[in-house]
Ligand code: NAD
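Quick setup: one chain, the form predicted on its own, written in C-alpha cells, and binding and motion questions come after.
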Amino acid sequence: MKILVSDNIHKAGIEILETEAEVEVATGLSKEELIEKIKNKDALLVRSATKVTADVIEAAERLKVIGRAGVGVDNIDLEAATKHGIVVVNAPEASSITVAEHTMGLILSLARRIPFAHSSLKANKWEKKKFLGIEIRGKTLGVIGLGRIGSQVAKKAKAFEMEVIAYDPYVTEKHAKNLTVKIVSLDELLSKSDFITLHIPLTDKTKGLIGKKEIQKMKDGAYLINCARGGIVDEKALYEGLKSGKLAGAALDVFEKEPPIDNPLLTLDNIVVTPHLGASTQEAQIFASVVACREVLKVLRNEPPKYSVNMPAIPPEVLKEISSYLPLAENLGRFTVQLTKGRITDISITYCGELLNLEFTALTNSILKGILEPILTGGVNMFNAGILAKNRGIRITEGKREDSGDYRNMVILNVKTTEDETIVDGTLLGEKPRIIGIDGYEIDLAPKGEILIVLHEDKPGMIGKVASTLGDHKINIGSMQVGRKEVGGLQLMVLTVDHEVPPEVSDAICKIDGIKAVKTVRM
C-alpha cells in the first residue's frame, strides 16, 4: 500500500502508517505536483492546507481513502470523492479538550485583563491600578451549544465555581443534568450571563446568530467569547457593542475573514484576539494525526472506520441494492428537520412498497445524517448517526408497509419534537428524490434550492398576496403549487424561489390576514 502525506501532520500518525504501508511525505505541493504524485497512491493524508479538488480526485487512479487529520473537510471535494467511491475519514473529537481549554484561557484573560497588562509592562509601564480585574467565581457563564466542546467548557467552568447555563435545542435535559447545567432559552441566556461563549457550527441558521438585537439583550458589561466559527457573530454589531461600552470585552479566536487584516475590531482596547489557535496544541495535533491515520488503515484493510464522512459501512452487495435510495433518504431528513421547532424527541420511519425487502439500516442512518448534520458540529456520518441520535435521547423506530399509494416506493418520516410533529413523505422517481407529502398535504417537489412553505386559509387572494410580498422584496418565484385536504379548510402553498428568503420577508408574509405559518427550507 502506498500513502501520500501532503500536509504537516504529527510523526506519531506517520509512524503508525509506516508499520503497514509505504509512506511518502511531500508538503507544499502545487496542484500540478499533487496530481502527479497522487496517481499511484492508495491513500492521502491532509490537514487544511492541501486542497483536494475534483481534478485531484479524478487523477487518482488507485485512491481508496482520504484522511483529514482534524475535523473540517471543507478542503476536500466530498461529492467527487463519493462519486469515485473514495472514503473520506477525519478525527472529529481530536480538539474538544484543546478548544475548551483555549476558551477558558480567553475568559481568564478578559476577567483579569492579562494581555493588556502584559503589553503595558513590556512597554516599561507599571500601571497596576489601571488593570483592575474581576473574579469569575460566582459569575454566570452562558454556553451556546452543549456538544463535545461546550460540555467540556461547562465542566471546566464549574471547577472555577461559575454558574453555568446553556442554550442548545438539540441536547437532552438528562445530558444537561449530568453536567449540572440548566437549559434555558436563548433570550434568557443573553440576559442572565456575565460571560457568553459560543460552541456551535456555522450554518444558515447560526450565521449572524449574535447580532445587534442579541447584544442589546445582554447584560451591561457582559463579555463575549467565540472559539467556534467566524460569521456566527456579526462583527459590525460587536464592534459597536464594544465601542459603546455595552459589552465590557470580547475574545475572538475566529473571524468572518481570516486573516482579519484591517479589521476594525483589532483597533479596540477591550478585545482579546488569537489567530485561530483553538485546536493548536501538541496533544490535539498528536491525537488528530493518530486517529486519522488509524482510520485510513482501517479502510485500506477493508474494515469499517469509525469516523467516515461520506460512506456507509455496508457490504458491497447491500450497497448495490440501496445506493439509488440513499440520496432520497438524506434529502428527506435534511428537508424535514428544517420544518421542525424544538428539541427532537422521536423519529419514526416507515418504508413502503418495493423498499420492504431491502436492508433498512443504511437508509435509516442516511435519514438521521440528514437530520443531525445541520444541527451538530461536525463528525456526523452514516456510521455514527444512529448512535449520536440515541445519545441525545432521541427514540428511533422503523416500520414497513406494503401499501405505497400511487408510487412504487415511499418513505414516511415522522419527527416529533418538544413543540410540534412533522410528517414528510418522499419517493424516488427514476433516480430523482421527490417530496410528495407534508403533514398530509399532497405535493410534488424536487428537494433542492430555496423553498418557501406557507400554511394559509383556503380563500381567494392568498396566492396573490404572498406573491406580491415576495415581489416587493425582489424575490423571484421559480415554481408554485398548492395542496389541500378539504375545500374551505387550510391549504399548503409550496414555492421555489431564486433567492434566500430573509426573516423580515417571512415576517411580512406572516402578517398577511389568513396566513397560519411560514417556513423556509434550503437544500
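In this text, residue numbers run from 1 along the sequence as written. Bear in mind that the values here come from a model prediction, so they are computed numbers and not experimental data. By rigid core we mean the largest C-alpha set that fits within 1.5 Å across both forms.
Heads up, the form predicted in complex with nicotinamide-adenine-dinucleotide isn't pictured, but that's what we're talking about next.
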**Study point:** Close approach of I165 to nicotinamide-adenine-dinucleotide in the predicted bound form, 4.5 Å, heavy atom
**Key:** no
Check your understanding: Looking in the predicted bound form, any heavy atom of G147 within 4.5 Å of nicotinamide-adenine-dinucleotide?
Key -> yes
Point to revise | 4.5 angstroms heavy atom contact with nicotinamide-adenine-dinucleotide in the predicted bound form for G370 | key: no
Review point. Is P260 a contact residue for nicotinamide-adenine-dinucleotide in the predicted bound form, using a 4.5 Å heavy atom cut-off?
Key: no
Check your understanding: Of the listed stretches (409-417, 295-303, 396-404, 198-206), which one has a non-hydrogen atom within 4.5 Å of nicotinamide-adenine-dinucleotide in the predicted bound form?
Key -> 198-206
**Study point:** Contact test, all of V171, D253 and A279, partner nicotinamide-adenine-dinucleotide in the predicted bound form, heavy atom 4.5 Å
**Key:** yes
Review point. Just one of S308, S95, T364, N331 has a heavy atom within 4.5 angstroms of nicotinamide-adenine-dinucleotide in the predicted bound form, so which one?
Key: S95
Study note, to complete from the structure: Checked V290, A176, V88, V99 for heavy atoms within 4.5 Å of nicotinamide-adenine-dinucleotide in the predicted bound form; positive is V99
Exercise for review: Could you list which residues of 503-522 come within 4.5 Å of nicotinamide-adenine-dinucleotide in the predicted bound form, counting heavy atoms only?
Suggested key: none
Practice item. Determine whether the C-alpha of I438 shifts by 2 Å or more between this form and the one not shown once the rigid core is superposed. Key: no
Check your understanding: Taking the rigid core as the frame, does G145 move its C-alpha by 2 Å or more between this form and the one not shown?
Key -> no
Review point. Would the C-alpha of D74 be classed as shifted by 2 Å or more between this form and the one not shown after rigid-core alignment?
Key: yes
Review point. Between T361 and D74, does the Cα distance in the predicted bound form come out closer or farther than in this form, changing by 3 Å or more?
Key: closer
